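Only one chain is shown below, in structure tokens, and it's the form predicted on its own.
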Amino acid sequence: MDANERRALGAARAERFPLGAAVRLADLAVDPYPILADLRTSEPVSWVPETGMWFVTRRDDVLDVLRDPERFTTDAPSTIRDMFGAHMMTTEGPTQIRYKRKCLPPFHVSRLAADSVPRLRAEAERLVEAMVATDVRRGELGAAVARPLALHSVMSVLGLPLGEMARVNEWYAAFASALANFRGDPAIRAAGKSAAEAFAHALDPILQALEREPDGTLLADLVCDHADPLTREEIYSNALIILFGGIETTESMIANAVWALLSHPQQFERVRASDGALDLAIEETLRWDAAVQSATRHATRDVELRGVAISEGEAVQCMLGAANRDPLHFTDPDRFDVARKNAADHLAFAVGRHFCLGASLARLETRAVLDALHARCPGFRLDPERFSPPYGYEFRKPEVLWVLWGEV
């Protein structure tokens, strides 16, 4: 297709999908839900020129796409593949299944309960105590608790030395910028690639040490697997995506859960007054404002979705945040309701073969933080003088999260 044909196609699509043509990432970052609701109602499959992708916004359609790797694949050129290479999120079929099976054992609920829960609770309590010791009434929860807990947790599961936390945090920041680089800034891409290369270089001596003295962590299991071993490059790539996902998803989930609950103090009181209510409330926070707002797939051939023709190779963004507020599945979907019976039907961790590996771990971390705050910070609440709601188009969380505690 030459330049004139591309312009003609773009003009035709803008005329057919006027709501999609009007979508701006800056507006989605501030408050995506009214925009997504309009698309879901009037253009459920819509072309969005600013992203160069199709947006899919109805829950049933999102499920159809994510559950159909024959027509919609992750195995295609993409930003996440550019950053981290071929791994469990950018492959399909036997290769993807092999990668995921090898990385899954530390994330099983039973193993998490035995290995991670005591450590998570202790670390969450330590971080909250440190925040309280710094200031008797106010703290920024993201930097003081959510980010360091996410780093500590995923690094412990992987088997990375905790003394490298500062360096890993720097790499993570470069990864996050690169993966949100939708306008293709070459300097941002280069910084992300450089961070990925630095990680791989630093991982070599760690893997060598774990091969000599395995410690039961994921990297030790992978490097000591001599029956069906992954190559070093495969270990690097899969470790990178686990590292990034374990930090980004969990930090954002913790911050979004605290924001959602503290933004609805009467509902939060209901949660605190009832044993066992917190887990359901956490599911509602995932539904109401998901940390990851979309899941991208690529058409493997010319396909039709809800009467819309999508060409082979075109990218489809399954808008998870829109699916989680679909009124055909969730009653009064824009209302935050900690007693919602079907809250766990959300798609915050996607669905199908690429369902988030660390979903159970992220839930445990969020629970550990909320329990520690409740125990150590009576009366904790949002700081009204430092209002910072969740923000972001692809990855969504409060940029800072200031909380108060003690007497009002």
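One rule holds for the numbers: they count along the sequence shown, beginning at 1. Everything numeric in this text was worked out from a predicted model, so none of it was measured.
Below, we turn to the form predicted in complex with protoporphyrin IX containing FE, even though it does not appear here.
Engineer: Going by a heavy atom distance of 4.5 Å, is G246 a contact of protoporphyrin IX containing FE in the predicted bound form?
Structural biologist: G246: yes, in contact with protoporphyrin IX containing FE in the predicted bound form.
Engineer: Indicate whether protoporphyrin IX containing FE has at least one heavy atom within 4.5 Å of a heavy atom of F349 in the predicted bound form.
Structural biologist: Looking in the predicted bound form, residue contacts with protoporphyrin IX containing FE include F349, since a heavy atom lies within 4.5 Å.
Engineer: Using a 4.5 Å heavy atom cut-off, state whether K100 contacts protoporphyrin IX containing FE in the predicted bound form.
Structural biologist: Residue-level check for K100: yes, a contact with protoporphyrin IX containing FE.
Engineer: Please check if T79 has a heavy atom lying within 4.5 Å of any heavy atom of protoporphyrin IX containing FE in the predicted bound form.
Structural biologist: Heavy-atom contact with protoporphyrin IX containing FE at 4.5 Å: absent for T79.
Engineer: Answer with one of L39, L361, L28, L370: the residue that has a non-hydrogen atom within 4.5 Å of protoporphyrin IX containing FE in the predicted bound form.
Structural biologist: Result of the distance check: L361.
Engineer: Only one of I235, A178, V258, L286 gets a heavy atom within 4.5 Å of protoporphyrin IX containing FE in the predicted bound form. Which one?
Structural biologist: Of I235, A178, V258, L286, the residue with a heavy atom within 4.5 Å of protoporphyrin IX containing FE in the predicted bound form is L286.
Engineer: Among 286-294, 129-137, 330-338, 266-274, which stretch sits within 4.5 Å of protoporphyrin IX containing FE in the predicted bound form, heavy atoms only?
Structural biologist: Only one stretch qualifies here: 286-294.
Engineer: Using the arrangement in the predicted bound form, list in sequence order the residues of 355-372 with any heavy atom within 4.5 angstroms of protoporphyrin IX containing FE.
Structural biologist: The stretch touches the partner through F355, C356, L357, G358, L361, A362, E365.
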